[in-house]
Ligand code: GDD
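Only one chain is shown below, in structure tokens, and it's the form predicted alone.
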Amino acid sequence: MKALVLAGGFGTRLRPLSCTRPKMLFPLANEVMLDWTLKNLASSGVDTVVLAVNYMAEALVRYFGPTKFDLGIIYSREDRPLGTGGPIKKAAELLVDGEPFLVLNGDVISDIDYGQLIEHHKRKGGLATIALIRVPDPSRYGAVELDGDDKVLRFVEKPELGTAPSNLINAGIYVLEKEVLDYIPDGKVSTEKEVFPLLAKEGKLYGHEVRGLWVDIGVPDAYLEANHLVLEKLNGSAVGEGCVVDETATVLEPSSLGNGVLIGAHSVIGPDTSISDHVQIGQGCRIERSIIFPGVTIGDYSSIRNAIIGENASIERWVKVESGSLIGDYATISDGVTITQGVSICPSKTVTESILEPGQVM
């Protein structure tokens, strides 16, 4: 069976981190984000994955190559953004082989059973089946109303608060028959707004409620939440090769330390923290619910909470980085500086004075 993974997005809401790498290559519990999806696909009987790529496509090709996790990997290159439906049409010749095929948003992290979703699709006999997940607030997503046979009656993309037909939302994972391609015009197309409403009107669209881990990684808070959920699922603290943790330091579960990490005396790491390869942390530091990219240096007595620090950044002594802040690759935060909530620091920027209002430092 084949699967198309939409991996061409710009990741604009995760800038500046996405200025220097595609979002699909962000670390998540010290594995590349898209690796979690590929491993799940491989264990569900998928043998070929088509990656629809656009932004920084070559970085994805270099990392994944022609095969990984016993999956064949093919690339469908887009020279411009095609929405969520255009990539399906463009990759049609790579996907159609007489079987239904999966389509997944690459920035969704999930452990759902794809095999169960496919079986449900075959039983219902429709042209398309949407994986549905139940959420408290459906206004950020595509809300769905089903009849008693799981047929989609209404599909409302991003409904206003209080107007959603249900709390079941589009999980960004679909099973499609080749006939769906006839509903997708060439060019930029929204599957959710232009294709699914037509299929629902004709009674050919079904839904299937799934349960388990599911996070749409569109914003920093969601990225941190995904890291928390994956670490929690891994149950404990993982320690890579060559780590040196001072005997007076503490690592609180769940956390993950990459290869070659150094942690100084009396520092406290975690919970819900991923420290990537070759990060050096001084003494007396406090790092919690954060993601630290590879090669970062963190000086003595610094504090990082609910933040994301980009590759090879330098956080000097007595620094505070607060909730929701993003520090770009190779940035330097000087001694004694406080970065307040919701601040983004662009790559290679040096910050020598505290920033006490949310905003972006160019």
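Keep in mind that this is a model prediction, so the values were computed, not measured. Heads up: residue numbers just count along the shown sequence, starting at 1.
Unshown form predicted together with this ligand; subsequent notes refer to it.
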query: Contact of V251 with this ligand in the predicted complex (heavy atom, 4.5 Å); finding: no
query: Contact label in the predicted complex: R13 to this ligand, heavy atom within 4.5 Å; finding: yes
query: Contact test in the predicted complex: E78 vs this ligand, heavy atoms, 4.5 Å; finding: yes
query: This ligand contact at I345 in the predicted complex, heavy atom, 4.5 Å; finding: no
query: Partner-proximal stretch of 311-319, 325-333, 289-297, 52-60 relative to this ligand in the predicted complex, 4.5 angstroms, heavy atom; finding: 52-60
query: Candidate site L82, N105 and E192: all three near this ligand in the predicted complex by heavy atom within 4.5 Å; finding: yes
query: Residue (of R134, H228, K204, K158) lying close to this ligand in the predicted complex, criterion heavy atoms within 4.5 Å; finding: K158
query: Option touching this ligand, based on a heavy atom within 4.5 Å in the predicted complex, out of Y223, F101, Y141, Y114; finding: Y141
query: Those residues of 162-182 which, in the predicted complex, come within 4.5 Å of this ligand by heavy atom; finding: I169, N170, A171, G172, Y174
